[in-house]
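Single chain ahead, by itself, as structure tokens, in the form predicted on its own.
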């Protein structure tokens, strides 16, 4: 194998694949990126990375003197490319090592044979449906923050992707909060599809794909495939039944507060400076036309701030993880947020005060106990 590639194109591809490379593995080859050089289509270099759950390939143009395939350590390759000057980069296989040249710089790195590397999944995209990248990006960003981290509840570590012929939704929950966004869109699917996808796979799609293009999507019982141009991603789906999240959404609420989203977010950030670093507990006390935010933490201090609110209900004090509220407000596209409540011990429903006709966004956040 002997090729030359544009440095910035090579660096962009390696940087895109690096998040796939595991930090710990019993399989040495997984620390590497597979490079496959081909003279077809005027010359190209295909880069592949996998952690066995998610596999990603990208193809870039290359001047190919000799075809071949090698693997090279992803971390060191990325570190070297970031420091190289903006000149063509040469890659050459020398026995069982790889020689990297750029301008007056030369590096030799160890390599593993292609035969040691897992086979990239092969799946036809025939019959794939297309999704707007802008829409997919919106759904992932507005929900992925609420996924769980509990190793014993793997299903909650995924995003529930609900696909219908006229609507697409994503849902996430960690048992203490829930985020859901639904958007009206026409999709060429014959029937409804519900799958649970690792957020990492969709976040990589969101970073790699163009702003205004479309991706092709294929789904079977165990895998998800997404393709745009020369970028292909395959991911295992998370097996199991996602909880019936609809039954925890509080729909009958007596107390309604409408608050300026930016002012509430700013006040919460100030309160979190003195909040408990584990629970991030902040008190919200709703009174006529106002909400008082306060925090009191032993050894750290206390803070208090009152902001205006359109609220006419009974006085109500609820304790929340302030970080959860900030996450929710970040993706609330309305200037105001509507907080719907029942009691100080029940979960709240937060929605944009002004709804978009083609999308619905909601968050459910459970309160903290006073003793926490």
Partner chain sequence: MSTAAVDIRPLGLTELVDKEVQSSMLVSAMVRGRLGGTLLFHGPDGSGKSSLALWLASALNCAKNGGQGAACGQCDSCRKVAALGHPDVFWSFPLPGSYYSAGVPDEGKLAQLYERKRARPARAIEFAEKAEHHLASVKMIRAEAGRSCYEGRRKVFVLTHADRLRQEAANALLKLLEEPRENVAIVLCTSRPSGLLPTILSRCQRLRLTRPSPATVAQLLTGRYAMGESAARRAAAVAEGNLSVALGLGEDGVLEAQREWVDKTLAALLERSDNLILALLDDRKGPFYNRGDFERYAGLLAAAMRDVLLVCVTGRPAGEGRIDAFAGQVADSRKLIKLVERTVNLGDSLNRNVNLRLLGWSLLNEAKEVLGEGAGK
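Source: prediction; values computed, not measured. Each form is matched to the other, and the largest set of C-alpha atoms that superpose within 1.5 Å is called the rigid core. Positions refer to the first chain, counted from 1.
Omitted from view is the form predicted together with the partner chain, to which the following refers.
Heavy atoms within 4.5 Å of the partner chain in the predicted bound form belong, among the stretches 222-230, 290-298, 131-139, 99-107, to residues of 222-230. Contact annotation: residue 332 falls outside 4.5 Å of the partner chain in the predicted bound form, judged by heavy atom distances. Taking the partner from the other structure, the partner chain in the predicted bound form has a heavy atom within 4.5 Å of a heavy atom of residue 117. Proximity of residue 79 to the partner chain in the predicted bound form falls outside the 4.5 Å heavy atom cutoff.
The partner chain is not shown here, and in the predicted bound form it never comes within 4.5 Å of any heavy atom of residue 88. When you look in the predicted bound form, the only residue of 151, 95, 212, 302 with a non-hydrogen atom within 4.5 Å of the partner chain is 151. Among the residues 270, 75, 236, 263, the one placing a heavy atom within 4.5 Å of the partner chain in the predicted bound form is 236.
Residues of 17-54 lying near the partner chain in the predicted bound form, listed in sequence order, are 24, 25, 26, 27, 28, 31, 50, 52, 53, the criterion being any heavy atom within 4.5 Å. Once both forms are fitted on their core, a CA shift of 2 Å or more is seen for residue 119 between the shown form and the other one. In a rigid-core overlay of the protein, residue 172 has its C-alpha displaced by under 2 Å between the shown form and the other one. Residue 23: CA moves 2 Å or more between the shown form and the other one after rigid-core fitting. In the predicted bound form, the CA atoms of residue 23 and residue 278 sit farther apart than in the displayed form, by at least 3 angstroms.
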